[in-house]
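As a starting point, one isolated chain is supplied in structure tokens, in the form predicted on its own.
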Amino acid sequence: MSEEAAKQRLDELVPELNRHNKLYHVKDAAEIDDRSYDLMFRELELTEAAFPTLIRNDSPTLRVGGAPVSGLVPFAHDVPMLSLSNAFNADELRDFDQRCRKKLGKDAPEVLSYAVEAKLDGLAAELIFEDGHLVGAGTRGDGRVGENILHNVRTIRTIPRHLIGLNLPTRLALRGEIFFDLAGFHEMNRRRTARGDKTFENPRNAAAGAVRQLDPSLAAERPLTFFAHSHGQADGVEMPEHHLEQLALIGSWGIPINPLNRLVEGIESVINAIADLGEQRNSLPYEIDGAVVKLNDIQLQTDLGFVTRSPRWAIAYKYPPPRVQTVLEDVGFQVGRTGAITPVAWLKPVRVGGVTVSRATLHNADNIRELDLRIGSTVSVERTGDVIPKVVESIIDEAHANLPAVQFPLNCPECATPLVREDDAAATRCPNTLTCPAQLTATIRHFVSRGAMDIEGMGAKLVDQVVERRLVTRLSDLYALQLADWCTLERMGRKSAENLLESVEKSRSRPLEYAIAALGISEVGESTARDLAQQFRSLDALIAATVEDLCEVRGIGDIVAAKVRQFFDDEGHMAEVIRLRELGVLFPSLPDLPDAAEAVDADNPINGKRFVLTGTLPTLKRSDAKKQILAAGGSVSGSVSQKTDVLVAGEAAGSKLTKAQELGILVIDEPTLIAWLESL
């Protein structure tokens, strides 16, 4: 690979990995499975190793995890919580063993002793005990600062409030994993189904969401558990010289320790132990996605030390996604908010990775054809911890050819409208975007959500009712419903109906950016809607914008611009916008921006200017700085261009600073930005 090609690839990998990192660690909404992420990360590591001068300042190899989410108090780790490097096969484990030996040199024993532990698929956490009492708990976050979750950890029954035994440490920083046992997870989902609540897709996301609840009573309802796997500090007590002996001592203080932990001699025994653990994987009472291998001798760990983001003396082995065979009993077809038809495989129930699976995604018509799916045939199903199961192959046997092939429908399964597929698109869609019941239901759910019109009390079950009873046959009907209409719905008393009607009334004056987001324009989420509102200042100006005008908005390219233009060119969509306005939805305009002369006035240094934030700011989080700039009338972009007015540079500003200097863009530091904000 040439240096130019390497730079281009790094510029693709780093933002993509950072995005997936944030989705996994901060939002608990992973889009890809762990193995896909790990292989992408491996490519990044290898490319950086070959071209070390090209390492970007924002590379995920230089940090751990994700930033804390808002709403929880920060939790600082006195000793950083690092992540582990990964191995995917036996040879990479042998390479790890050789690296340890080479680094230890003549001090290396003839045979290295290793601890092999199950790698739990939960949420990493640190617990703080002082004089034996539980006084703190936090998530890993970015490795140095996480989120304080003590109020929720206190509800986990397997975590003691007080340590037991003699010779307790004066301060113990305990590391481990918070997770669901599968029996508790399934029982919780059964109760949620009985109440009519949405079930959780997988134990890991459910555990992560539970410990981040602001209300501990919600966490207490969820059967969480905990295993300790290490410690960051243990003051006032003499710890044993070997890792597993340390864990045994910690266990004697009343802390849960995984009984599957094993001590083995030599790397070949490690490989066998990992294989044995993998064979047990499908029958364990909790989910694991790999094994962790650590040198057992603490002195050898100390001698080996750390690299930037991980210890040299430990490695995580990642199992491939679990795959099993079962029977394809049928295929259903679901209609999404945008009209896309998603085929779903209905399977003979089978356990995959510790979870019973009865359905799996099939993506689209091409996927069905490529797999040659037939009703009653045997298929292979794969599942990972953070994505729904998928069918990966058909088993071609003697009976396969005689079974009925799966046929993709020609008409919408909800409204019978003929389906369409653009030549360059993978998805097949129902074009009846306005009155197809499935699309209307999904559209209303989006419209009333917090990031859109924020109609409090309008939950999924209520949306289903108003569509099923045909009280709402088009989006704008929501604003035509009267108190009597709401009172006819199940479990809707007069007081609840009055509260809901008040929430509907309040939403009529929802700010422009949220009202634009609520329209459900394809490819336009909250961030893009905010940019459109900032640029055009009114709905009428947005409606009148050409594709060229739309492409002038930061972050909007030809595809998104075309989608926005297509939406407002559609007679049906425009009729809905007009009717929403007639029913009192204001789409309130933003005040006009000052002219160019005013925009550069020293008394108004932010309003109307486009900012870029780069590097680590001394006191402000980037998200907070962005909010304050937006509130002061400025805009914030993610990249430097000739349209950028001001670059706010922190520590390790990197390539954005260089580009800004090349373009002659004004560069300021955080104190200057704060002074500007305070002047307003």
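Keep in mind it's a predicted model, so treat the numbers as computed, not measured. Each residue number is its position in the shown sequence, starting from 1.
In what follows, reference is made to the form predicted in complex with a small molecule, a form of this protein that is not presented.
Q: Among the candidate residues F226, F185, F587, W313, which is the single one with a non-hydrogen atom no more than 4.5 Å from the small molecule in the predicted bound form?
A: If I apply the 4.5 Å criterion carefully, the residue I get is W313.
Q: Among L300, C436, V292, A173, which has any heavy atom within 4.5 Å of the small molecule in the predicted bound form?
A: Contact check passes for V292.
Q: Quick check for you: of 571 to 579, 363 to 371, 117 to 125, 531 to 539, which stretch puts a non-hydrogen atom within 4.5 Å of the small molecule in the predicted bound form?
A: This holds for exactly one stretch, 117 to 125.
Q: Within 4.5 Å of the small molecule in the predicted bound form, do we find a heavy atom from each of S83, E177 and S230?
A: Yes: S83, E177 and S230 each sit within 4.5 Å of the small molecule in the predicted bound form.
Q: Spell out, yes or no, whether the shortest heavy atom distance between R140 and the small molecule in the predicted bound form is within 4.5 Å.
A: Taking the distances in the predicted bound form, the answer for R140 is yes, it comes within 4.5 Å of the small molecule.
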